[in-house]
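Just the one chain here, the form predicted on its own, laid out as structure tokens.
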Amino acid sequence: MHMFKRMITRRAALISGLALGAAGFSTAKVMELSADPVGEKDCGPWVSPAAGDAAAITVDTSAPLAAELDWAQQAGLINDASCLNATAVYGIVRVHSEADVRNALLFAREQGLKIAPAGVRHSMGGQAFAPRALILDMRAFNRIELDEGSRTITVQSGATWHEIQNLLHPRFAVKAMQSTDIFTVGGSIAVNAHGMDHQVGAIAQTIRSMRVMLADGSVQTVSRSENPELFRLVVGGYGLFGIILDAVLEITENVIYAAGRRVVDYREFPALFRDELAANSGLGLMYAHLSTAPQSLLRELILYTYEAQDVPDALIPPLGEVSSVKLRRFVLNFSKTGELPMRLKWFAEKNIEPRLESCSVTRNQAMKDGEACLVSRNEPMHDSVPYLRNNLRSETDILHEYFVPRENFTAFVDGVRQIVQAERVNLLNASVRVVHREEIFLNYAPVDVFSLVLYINQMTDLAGEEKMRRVTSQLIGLTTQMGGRFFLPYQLHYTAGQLEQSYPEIRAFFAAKRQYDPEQRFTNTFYEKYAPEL
């Protein structure tokens, strides 16, 4: 969901030059690793068990409401960003209006179907669909209205952060979102996403109110003061309580930041944050990368900071789209191929990129030598990560995220390193975020935590699936031992017991689900797997 930003930076060209010379890659191999994707990725040879009955599903096109729906697909398969969850569904319906949502609910009730809302489907465990369900594609439901006076936007749930940023720039910016902009607002609320602004916290903190359509077709306004229980269930509720129609979100000024970075030992980070960073009210954005190179694996840490500056004569350029996509894709894919490419990637991020920093904001007056590298708030988050998509068969890239109390950060990283080394995990990226205590019902941060985001390359055969399941179980066990929790929008490689141990409130969450949705109309693969056991 928020985890990709700056894994491949604008300065990646130097990595490729070094790596190609060292490895002697052929032109054909370079083209393979950098090629644009052609349609949805085929991850073969793995075939999801949920894909089996696609041919057995028939849509009742004679039903009166069937003609009222904008069918993107009838029967067939749907998948998510993992490419490992091909699932046979009843169909996919495009949503353009509130009436479309209500008609889809009526059709589902008449046909005895379950229903699931979907955005860009970047969760990796089928959280946006379920077998034989009717899927609502919300992406065309994307109107955005700006209220400059109240510093809010009212946005339909299918709008992406990319669309929102383009509307707000250059004066305003988003308060809380993932560190990339591909996700829909509804999807971000459904997982209570967080990003690089360690002061604002997760998206829940920026929601003034939402309108949610329940399973009976009624629409409820929810906020911290109006229907507060339902508010706490819908935020981070994975679409199980209703369809988010729109939300009123707080926005902020598009602040000018001085971009900075420093390399520190990972053991220094907790004290550095406590004693210096947390007290700096001008520090607007912050994240860190841990080394994935063998010689310094999860020991060196690059801290990226964005500190507010008073620049009254700033010239803020329009937001651009991602450049050098093929090159970025090559760098990431090349780093999967061995220790030397991974060493070169980390060397360049540490030593070369700082000298080639892209500073988009300029002044009316000429800048003096040694002045800070300036960017606007929107720029670090304006990345649609097209370079993460590829045509490579028999492999995929998988996200994990773990939240641990801040005092246990060092011990947790040590434990992760042991697992990565023992299991020979092909770890592509490891990012650190600062996350504050949250108040939602299914809560990944009941206390202040640091989160560790892992991006792992996986082979898509049975052995690859079993290895990922084993590694995930070990990482969850370590997290629980450290008093932490794991993020739920990812692969379902954990037992019901592990889920309950990490989220003791899960039984109450499922009970509330049954109370608000007695017909069990809203569903997803996560709910279908774990609710029967809990």
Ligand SMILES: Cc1cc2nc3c(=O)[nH]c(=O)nc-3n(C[C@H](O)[C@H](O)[C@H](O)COP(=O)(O)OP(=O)(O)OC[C@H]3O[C@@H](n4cnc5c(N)ncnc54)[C@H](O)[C@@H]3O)c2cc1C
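Residues carry their position along the shown sequence, with the first being 1. Keep in mind the model is a prediction, meaning the values are calculated, not measured.
Keep in mind that the form predicted together with the ligand is not shown, yet the notes after this line are about it.
- Using a 4.5 Å cut-off to the ligand in the model of the complex, not one of 292, 333 and 392 places a heavy atom inside that distance.
- This chain appears without its partner; in the model of the complex, the one residue of 243, 153, 83, 416 with a heavy atom within 4.5 Å of the ligand is 243.
- Checking 238, 409, 387, 257 for any heavy atom within 4.5 Å of the ligand in the model of the complex turns up a single hit: 238.
- Of the candidate stretches 502 to 510, 487 to 495, 464 to 472, 43 to 51, only 487 to 495 has residues with heavy atoms within 4.5 Å of the ligand in the model of the complex.
- The ligand in the model of the complex is not approached by residue 162, whose heavy atoms all lie more than 4.5 angstroms from it.
- In the model of the complex, residue 404 stays away from the ligand, with no heavy atom inside 4.5 Å.
- At the 4.5 Å threshold, heavy atoms of residue 179 reach the ligand in the model of the complex.
- Under a 4.5 angstroms non-hydrogen atom cutoff, the ligand in the model of the complex has residue 188 among its neighbouring residues.
- For the partner-free chain shown, 117, 118, 119, 120, 121, 122, 123, 124, 127, 128, 138 of 101 to 140 come within 4.5 angstroms of the ligand in the model of the complex, judged by any non-hydrogen atom.
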